[in-house]
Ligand SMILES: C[S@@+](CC[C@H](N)C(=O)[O-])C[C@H]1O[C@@H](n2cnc3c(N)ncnc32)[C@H](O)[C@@H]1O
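What follows is a single chain, given as structure tokens, in the form predicted on its own.
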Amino acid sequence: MERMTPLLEFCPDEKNIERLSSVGQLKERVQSVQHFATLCHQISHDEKASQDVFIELMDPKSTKKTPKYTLFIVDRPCKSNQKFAAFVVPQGRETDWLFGSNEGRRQLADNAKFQRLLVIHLGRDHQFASLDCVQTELAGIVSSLQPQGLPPNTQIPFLSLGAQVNQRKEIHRGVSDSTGEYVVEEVEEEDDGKPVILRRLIFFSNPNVIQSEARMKNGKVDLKYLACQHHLVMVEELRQNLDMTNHGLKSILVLGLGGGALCTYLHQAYPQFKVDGVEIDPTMVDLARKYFGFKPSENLRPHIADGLSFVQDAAASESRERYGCIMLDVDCKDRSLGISCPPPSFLEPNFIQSVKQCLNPQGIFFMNLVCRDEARRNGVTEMLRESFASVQIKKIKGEASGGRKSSKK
């Protein structure tokens, strides 16, 4: 009828009816259902189709532009009597290697002994009342993703680490010109059966990677705690080198300040050394001071500068004192390059030569290298061997895929 507004309703399941305001919204809902049905068909008819597949589910009733749920489908090649289960990862734990990487999720599926495991991440910007509410909301979606051969009314188990799903507390959120949107948040975990609070810096451009992490103790940052495994390796190698009476080590340069955890730890452990931390993003320096216990002093100095230029200028300066140790821990913003750390510009031979010129004769160079491309990783190793007398490689399980390299001059 003329001048009558059409009534548009969408019924996604037997229990819910959603009233929509435009034909465009209705088309989006229908197309979404079609896409999901196509994916379910592919997965059920092609065993390889589910390898590394993930599905992002938006909440049509929310104004949030981020997924409410992300579902990862993990299939085991071996047969099992236990066919299918869903594992809900509590908020704040999605960055764990076991849940945040393909290799970790495969190990989780092996441990759970299900033939297909659905690993579910809960969106950072959304609220979840309980595990039961998550199960109720996802029951239909999960049922559609079950492997072939299961009876239609099969009871699908929902697994998790406990009954609580909300373990994340947002402390601060902002936007940086260099890294984009970020958040400082706290999550609760267990350590030897005791609850611990961890404060983390997360970049939304790579939300499953922790940029900086600190442990809270009595409401304050524990300055003697290091979370990153590659930081622990660097510090241990440094300690062993000092035990071998390296008297030339009086100053340390850290390229990539981040939350300042590594610089702060080095300053606490070796207050007699000068520690210089270089960070291109001034916002990160402010965050390190406000939220991660970074306190500049005469022997702990932040420098807001491009790490490439800083090293090249230091190498060209005849008056500047040479460093006893240089640590490179800068992440790569371009995820399409197959390398997460450092950016390719830090792997150029000219830069490595500048690093060498900045070191004293007994100096040590540590590089955090995270690279999925084996050929490229081997190329970096060969380049280091051409520049340094001794190169050691430390591979760290449980962090992002790639080698961690410790290079000695």
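No experiment lies behind these values; they were computed from the predicted model shown. Position 1 is the first residue in the sequence shown; the rest follow in order.
Same protein, other form: the form predicted in complex with the named molecule, not shown, and the subject of what follows.
Asker: Heavy atoms within 4.5 Å of the named molecule in the model of the complex: which of the stretches 82 to 90, 67 to 75, 324 to 332, 128 to 136 has them?
Answerer: That would be stretch 324 to 332.
Asker: Give me the residue from Val311, Met284, Val275, Ala109 that has a heavy atom within 4.5 Å of the named molecule in the model of the complex.
Answerer: None of the others qualify; the residue that does is Met284.
Asker: Since exactly one of Arg116, Arg215, Arg168, His231 fits, which has a heavy atom within 4.5 Å of the named molecule in the model of the complex?
Answerer: Of the listed residues, the single hit is His231.
Asker: According to a 4.5 angstroms non-hydrogen atom cut-off, is Leu238 in contact with the named molecule in the model of the complex?
Answerer: Taking the distances in the model of the complex, the answer for Leu238 is no, it never comes within 4.5 Å of the named molecule.
Asker: Do Phe346 and the named molecule share at least one heavy atom pair within 4.5 Å in the model of the complex?
Answerer: The answer is yes: Phe346 has a heavy atom within 4.5 Å of the named molecule.
Asker: Is the gap between Leu122 and the named molecule in the model of the complex 4.5 Å or less for some heavy atom pair?
Answerer: Contact check for Leu122: no, nothing within 4.5 Å of the named molecule in the model of the complex.
Asker: Within a 4.5 Å heavy atom cut-off, is Ile280 in contact with the named molecule in the model of the complex?
Answerer: Output for Ile280 is yes: heavy atoms within 4.5 Å of the named molecule.
Asker: So which bits of 1 to 19 sit within 4.5 Å of the named molecule in the model of the complex, heavy atoms only?
Answerer: Residues within 4.5 Å: none.
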